[in-house]
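In the block that follows, a single chain appears as structure tokens, in the form predicted on its own.
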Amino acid sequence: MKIARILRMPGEWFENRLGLKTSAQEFLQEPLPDKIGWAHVFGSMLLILFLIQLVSGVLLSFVYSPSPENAHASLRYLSEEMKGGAWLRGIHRWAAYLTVAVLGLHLLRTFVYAAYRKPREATWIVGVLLLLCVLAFAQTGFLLPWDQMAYWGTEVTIRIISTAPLLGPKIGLLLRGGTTIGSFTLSRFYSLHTVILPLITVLLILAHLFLIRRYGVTAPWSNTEESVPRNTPFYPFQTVRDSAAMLVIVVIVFFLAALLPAELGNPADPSDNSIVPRPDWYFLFLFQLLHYFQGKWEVIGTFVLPNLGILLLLLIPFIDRNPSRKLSRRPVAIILLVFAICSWGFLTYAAVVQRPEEKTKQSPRGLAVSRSERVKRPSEVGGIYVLKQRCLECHAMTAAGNRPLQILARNQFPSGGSWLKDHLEKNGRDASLSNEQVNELMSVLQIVTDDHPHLLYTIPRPVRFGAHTFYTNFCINCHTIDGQGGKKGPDLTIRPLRSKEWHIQHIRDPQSVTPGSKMQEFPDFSNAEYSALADYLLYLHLP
């Protein structure tokens, strides 16, 4: 008994001082209106999404370097070399996308239920401010990858902000930190994204929760002054729904992050303005709006209409004085809501269908350097694939990683497959390499420890796998690439540019696209191998 009492003492001490247990019981037993249900789970989903972004953002900050020189390379290292790094970036990206979507549904539900009416005007206003914070998060985070789309997209955004009357140019100059986007811009966006906006958002979330606790949850389809029965405790009825919804949204985020990882384009190049910047999906309607207001009318699309929309959202509780919350008695509000949704949908759809075709649509993702500078030899390009499979769990190609390969003494770098096999048998997890794989590793290690290892970073993953497939199968016996390979077939280093589909079909059945071809059929490759081989050939031929 004495031991049990001693064990209870810390808990009793905290309870006497803080009252957490009592507060939790009061929270769980809070009576809710009888009619609430699944439509009220969006707030809990937003909380877990915010938590996911907070945790994933902190983890990303351990690797990310907010400078123009290192920002892109640090994310390249994270996506290409760090185990689970691409998934982590995907989680942060998809949690942000879903936050915008769920927050939109949350506001839509609040509007349909007219939950912004007296006495919950402040709750609605705080919700709208949270929406603006989320959009600011999205815009400031857009620049951080420091790739071409991020750079030129931010340039357009700041130009739009600068069109605002009076303070617009000064705000634009403040955000840019000078006349051009550079290190000051990146550091300011990074500070906004990781320090200022999180603090504001946390304060707004706390204020929102306080107001919800203060005025309770709105009963749907009731009159403003009507006293509704509140006989449903929060636990277990609504707790189960909220927990289920939170679990579902977490699974969706993790699944999408694994299926569709965050992309990373070519590094930002201020001298190359050939890219057509486009915002993320939630800003496409504003982007499309600019097409209809140009010249001296541009300020209407960039400043007047967006700010009128925000002002209208903030004033809705004071404009709508209808005492009833029932849809049948709010025709004007419902018509305006349908009009707003249709306008948003039309503008977004128009922006999607008018997307210009990318000039380098056939280019494998990540292609960054000109053809003359690319590493082309199959053993060297394919060696990166083997390197990643066998070596990058312990080594890294960049100086940012654990045990960088570059630190190997260049003048003492050993040569010969025997040294590599001995090294792997002593230190590696699996030394069962074929002779072709040993040759690939030795080829690529010479480049990694050379003066230009960055040329390897620019090679997309499908290309690496394609070169590995090319080198370890029969292709290398007949074709030469950059001086390496057989002479039976044509030299593939420079050939006429063909489509990816043409290359796949040519490998599968040469006679079908080149009648009279002496090349044998290769019908037994997997779809992934066909695709990777075609990507490798495009990598060689694209200008």
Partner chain sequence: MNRRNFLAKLTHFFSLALGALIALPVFRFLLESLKEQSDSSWVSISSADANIATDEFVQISFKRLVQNGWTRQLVEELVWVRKKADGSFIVFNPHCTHLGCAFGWNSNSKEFQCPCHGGKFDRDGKRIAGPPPRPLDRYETKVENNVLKIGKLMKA
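Quick caveat: nothing in here was measured; it's all calculated off a predicted structure. Numbering follows the first chain given and starts at 1. Basically, rigid core = biggest C-alpha set you can superpose within 1.5 Å across the two forms.
Although it is not shown, the form predicted together with the partner chain is what the next lines describe.
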Would the partner chain be touched by all three of 74, 237 and 240 in the predicted complex, meaning a heavy atom each within 4.5 Å?
yes
Of 311, 171, 244, 196, the one that lies within 4.5 Å of the partner chain in the predicted complex (heavy atoms)
244
Residue (of 130, 88, 386, 186) lying close to the partner chain in the predicted complex, criterion heavy atoms within 4.5 Å:
88
With the cut-off set at 4.5 Å between non-hydrogen atoms, does residue 84 touch the partner chain in the predicted complex?
yes
Is there a heavy atom of residue 493 no more than 4.5 Å from a heavy atom of the partner chain in the predicted complex?
no
So, in the predicted complex, is residue 108 in contact with the partner chain at a 4.5 angstroms heavy atom limit?
no
Just checking whether residue 505 would be counted as a contact of the partner chain in the predicted complex - the rule being heavy atoms within 4.5 angstroms.
no
Choose one stretch from 53-61, 471-479, 505-513, 485-493: the one whose residues place a heavy atom within 4.5 angstroms of the partner chain in the predicted complex.
53-61
Under the 4.5 Å heavy atom criterion, name the residues of 10-49 that approach the partner chain in the predicted complex, in sequence order.
29, 48
Is it true that residue 40 shifts between this form and the one not shown by 2 Å or more at the Cα, once the core is aligned?
no
